[in-house]
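The chain below stands alone, shown as structure tokens; this is the form predicted alone.
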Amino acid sequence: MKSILGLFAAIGLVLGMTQMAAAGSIDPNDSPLWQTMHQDFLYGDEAVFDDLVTVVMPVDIENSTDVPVAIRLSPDLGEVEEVALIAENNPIPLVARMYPHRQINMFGIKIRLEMSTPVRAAARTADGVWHVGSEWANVLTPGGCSAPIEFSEAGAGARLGEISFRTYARDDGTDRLKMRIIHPMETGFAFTPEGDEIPAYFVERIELADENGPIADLVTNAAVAPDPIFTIDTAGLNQSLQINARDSEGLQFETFR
């Protein structure tokens, strides 16, 4: 009798582990840093790996200072309260957070990567669960966060904080907002040719709104690429837009149409 009960217990344990795997609790990248990222940036809340959040980016990274990343958010998520973008092996792992005020289908951003790393996008839904998508980035030219950057436009002080944007309708019925802010986005890990440290200096908050109210708030760190470009796909984007930004020195930038 005891052996039968033991067999049932073992079967139950295996089934439980199988259900956990099916629910997506196992890191597909098997990263030793994932648990630390989970605690530090997702507050230790419940997190599952599933296909409701996907990360789209190049597999092999030639230019590690300017890496395009697209985060696709399935409508099946329902209400999304927060999105976090994490590059685990970066000296600045938390790249950005987005707080949507309406349904966002896609959030695009250009980032820096110091070395090869898992790149995670996590979306927290109204039930408090983080849905996590992952992609492995193979960085062929390491040093995106620490190498000095030669700026073409961001180095022109007269244009610092200049915001440009455009909107257009997409074939799927959504609208796309694409914007750029002229800013050096210094990480604090780079040095001048003379060996002097270049202080960290970056855009840290962006607020997007139209006539219908707020669209999304972004909190960004220095791991975002210089002259950052952001893309947002959403439905019902009004043509009257306002963008407000603030950098780490407290300077305010804005534009509207």
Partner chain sequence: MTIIRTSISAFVVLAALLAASLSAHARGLTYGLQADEIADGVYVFWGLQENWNVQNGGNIVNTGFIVGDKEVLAIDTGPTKFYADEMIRVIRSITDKPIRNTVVTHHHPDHSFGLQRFKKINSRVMMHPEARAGLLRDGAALIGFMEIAMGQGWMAGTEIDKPNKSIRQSMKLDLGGRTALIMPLDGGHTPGDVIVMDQKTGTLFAGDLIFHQRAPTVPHADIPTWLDHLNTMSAMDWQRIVPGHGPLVTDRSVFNMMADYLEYLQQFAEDSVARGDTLADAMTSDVPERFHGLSTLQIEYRRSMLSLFRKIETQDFDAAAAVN
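Remember, it's a predicted structure, so these values are computed and weren't measured experimentally. Positions refer to the first chain, counted from 1.
In what follows, reference is made to the form predicted in complex with its partner chain, a form of this protein that is not presented.
Look up in the predicted complex whether Tyr99 has a non-hydrogen atom within 4.5 angstroms of its partner chain, and give yes or no. Tyr99: no, not in contact with its partner chain in the predicted complex.
Check Glu62 for me: does it contact its partner chain in the predicted complex (non-hydrogen atoms, 4.5 angstroms)? Yes, Glu62 sits close enough to its partner chain in the predicted complex that at least one of its heavy atoms falls within 4.5 Å.
### Task
Could you confirm whether Pro32 comes within 4.5 Å of its partner chain in the predicted complex, counting heavy atoms only?
Judged by the heavy-atom cut-off of 4.5 Å, Pro32 is in contact with its partner chain in the predicted complex.
Would Leu218 sit within 4.5 Å of its partner chain in the predicted complex, counting heavy atoms only? Leu218 lies outside the contact set for its partner chain.
Notebook entry, point to check: Of the listed stretches (134-142, 73-81, 183-191, 120-128), which one has a non-hydrogen atom within 4.5 Å of its partner chain in the predicted complex?
Noted result: One stretch meets the cut-off, namely 134-142.
**Prompt:** Among Leu42, Ile229, Val48, Ile198, which has any heavy atom within 4.5 Å of its partner chain in the predicted complex?
**Reply:** Selected residue: Ile229.
Residues of 33-57 having any heavy atom within 4.5 Å of its partner chain in the predicted complex, listed in sequence order: Leu33, Thr36, Val56, Met57 sit within 4.5 Å of the partner.
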